[in-house]
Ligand SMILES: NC(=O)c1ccc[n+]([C@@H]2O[C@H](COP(=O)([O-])OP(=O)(O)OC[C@H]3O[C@@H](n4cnc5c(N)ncnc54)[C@H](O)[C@@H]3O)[C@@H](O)[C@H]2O)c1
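To begin, one chain is listed below as structure tokens, in the form predicted alone.
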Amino acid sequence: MLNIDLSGKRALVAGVADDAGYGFAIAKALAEAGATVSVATWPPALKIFLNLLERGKMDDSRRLASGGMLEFERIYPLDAAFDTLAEAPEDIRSNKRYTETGDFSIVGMAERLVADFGERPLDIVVHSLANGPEVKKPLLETSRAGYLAAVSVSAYSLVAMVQRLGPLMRPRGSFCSLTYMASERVIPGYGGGMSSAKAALESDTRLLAFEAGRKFGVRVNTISAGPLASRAASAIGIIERMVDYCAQNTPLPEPVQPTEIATAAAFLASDLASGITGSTVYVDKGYHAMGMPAQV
């Protein structure tokens, strides 16, 4: 039997703050395959996430097929809008939700990983990060600040993470991010520059695959996932309609499940996918193949 085996590998999943999104599902799948898993969480959500874990509110979702529990080696604070702590404005650095976490920048996280696990601690990095403060606004009404914020956190953060974490990767390491069909097609209501950010993320995936492959010997891929009505996605405002539309018009007429994204990510992280890099892998029940609605 051909199995996904990640035994002995260490993974970092950036963008986990609850058990409802793709990031958590990916972390669980990586653990099911034998990897040890750390996660990075946005500082304003960190305390709530830790409380949910400590109170056992996520025990059911953390249970593995083996009967054990998904355990996180470390939980790091991360605001991916900042490469270094010095770049964060004073009102952020002095905010109570941030001051209690220490260095929450990308460089700060990298330094903590080295302090905790040694010079080359990582095999797998998953980028499950996105934020569009004006996502409910049409692109025509999006401000420059809102647009740049969306691109910064949702796309450039992958570049910054490959820059800082690439040197910490062991041979044949893997980076994977999450994108969405709005990079290619018009999704009315998915605004604020988020469609541009996803297009940039996919373009950067190709170039990073070349540059980081040559420099660090790692692979870089992205998964174009079907929509999921997670807590984070509720900020879009039309997520339920997006899910329903896709489910009605895909070749496989049903919603995408988090486990389907998660197992694809585990495959891409494994040696079974050693020849795959620079790719956008569609896990959307075939929605990307459709040119018009199934029913008109």
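One-based numbering along the sequence shown. Everything numeric here is computed off the predicted structure, so don't read it as measured data.
This next part talks about the form predicted in complex with this ligand, which is not shown.
Only one of the listed residues (K47, R231, K57, R241) places a non-hydrogen atom within 4.5 angstroms of this ligand in the predicted bound form, and that residue is R231. Taking V125, V135, L208, A80 one by one, only a single residue has any non-hydrogen atom within 4.5 Å of this ligand in the predicted bound form, and it is A80. Of the heavy atoms in G226, some are within 4.5 Å of this ligand in the predicted bound form.
This ligand is not shown here, but in the predicted bound form it comes within 4.5 Å of a heavy atom of V16. This ligand in the predicted bound form comes within 4.5 Å of a heavy atom belonging to N131. Although the partner is absent from this view, T179 contacts this ligand in the predicted bound form, with a non-hydrogen atom inside 4.5 angstroms. Across the options 247 to 255, 233 to 241, 31 to 39, 63 to 71, residues that bring heavy atoms within 4.5 Å of this ligand in the predicted bound form belong to 233 to 241. For a residue to qualify, one of its non-hydrogen atoms must sit within 4.5 Å of this ligand in the predicted bound form; all three of Y22, V153 and Y190 qualify.
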